[in-house]
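Have a look below at one chain only, the form predicted on its own, in structure tokens format.
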Amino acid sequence: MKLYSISILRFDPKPVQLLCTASDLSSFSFFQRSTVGEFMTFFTKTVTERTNPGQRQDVEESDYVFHVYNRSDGLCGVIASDKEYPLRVAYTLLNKLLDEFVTKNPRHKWESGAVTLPFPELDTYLSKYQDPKQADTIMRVQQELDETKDVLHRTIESVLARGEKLDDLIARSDNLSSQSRMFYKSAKKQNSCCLIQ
């Protein structure tokens, strides 16, 4: 699970304007980074133009998934990730980012012209959400539940194995008891034959 980039764009009025972006292309070789970065910027703008206001969509392109949330107020958030990244976490992050962006940058700052706005929270969220299980509380709880379930399964299996061992031990004990009774009876018979009167 990997996040490659997070972008906030203005889609209305046209043309689409990239307001701020953050990317982590460290998983690519040095020579590929600029090409991959250009591809992600181009594709981010393209999916923003093709997503209707108030709509969310996921667009797959080769090994990448672009999660798009095009709000009705003229802003759009796009996350580029690999195919394994959870959808719910991506959209939770987009909602949070767009709300914070509007709070820190009122509409009059970004509604017209070619503007690039500083928004350092993008880098923070990009690094924080690289591991969605740590960033998202529901996924973290789910992971803890899965771990607890595994421990319980192992415990139950070991208890059942002990139960089988106890059953074997009881059977052997019963067998030993019957053999000792037979030995006692045969010893009593042997001793009664040897009695001197």
Partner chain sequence: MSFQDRTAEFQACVANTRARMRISSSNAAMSNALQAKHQKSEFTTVAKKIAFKISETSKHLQRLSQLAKRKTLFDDRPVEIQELTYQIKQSLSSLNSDIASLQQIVRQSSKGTRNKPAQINQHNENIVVSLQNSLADTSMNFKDILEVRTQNMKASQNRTEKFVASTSLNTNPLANNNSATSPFNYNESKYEPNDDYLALNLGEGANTRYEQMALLENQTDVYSQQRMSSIESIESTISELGGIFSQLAQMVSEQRETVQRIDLYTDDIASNINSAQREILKFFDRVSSNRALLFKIFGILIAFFLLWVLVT
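Take the two forms, superpose them, and find the largest set of C-alpha atoms that agree within 1.5 Å; that set is the rigid core. Computed from a predicted model, the values in this text were never measured in an experiment. Positions refer to the first chain, counted from 1.
This protein has a second form, the form predicted together with its partner chain, left out of what is shown; the following refers to that one.
Even though its partner chain is not shown here, does Asn105 get within 4.5 Å of it in the predicted bound form, heavy atoms only?
Outside the cut-off, so no.
Does any part of Lys109 reach within 4.5 Å of its partner chain in the predicted bound form? Heavy atoms only, please.
Lys109: no, not in contact with its partner chain in the predicted bound form.
Even though its partner chain is not shown here, does Arg56 get within 4.5 Å of it in the predicted bound form, heavy atoms only?
Residue-level check for Arg56: yes, a contact with its partner chain.
Is Asn95 a contact residue for its partner chain in the predicted bound form, using a 4.5 Å heavy atom cut-off?
Yes, Asn95 lies within 4.5 Å of its partner chain in the predicted bound form.
Heavy atom within 4.5 Å of its partner chain in the predicted bound form - qualifying residues of 66-102
Those in contact are Tyr69, Ser72, Leu87, Arg88, Tyr91, Thr92, Asn95, Asp99, Val102.
At a 2 Å cut-off on C-alpha positions, does Lys128 qualify as shifted between this form and the one not shown after fitting the rigid core?
Result for Lys128: no, shift under 2 Å.
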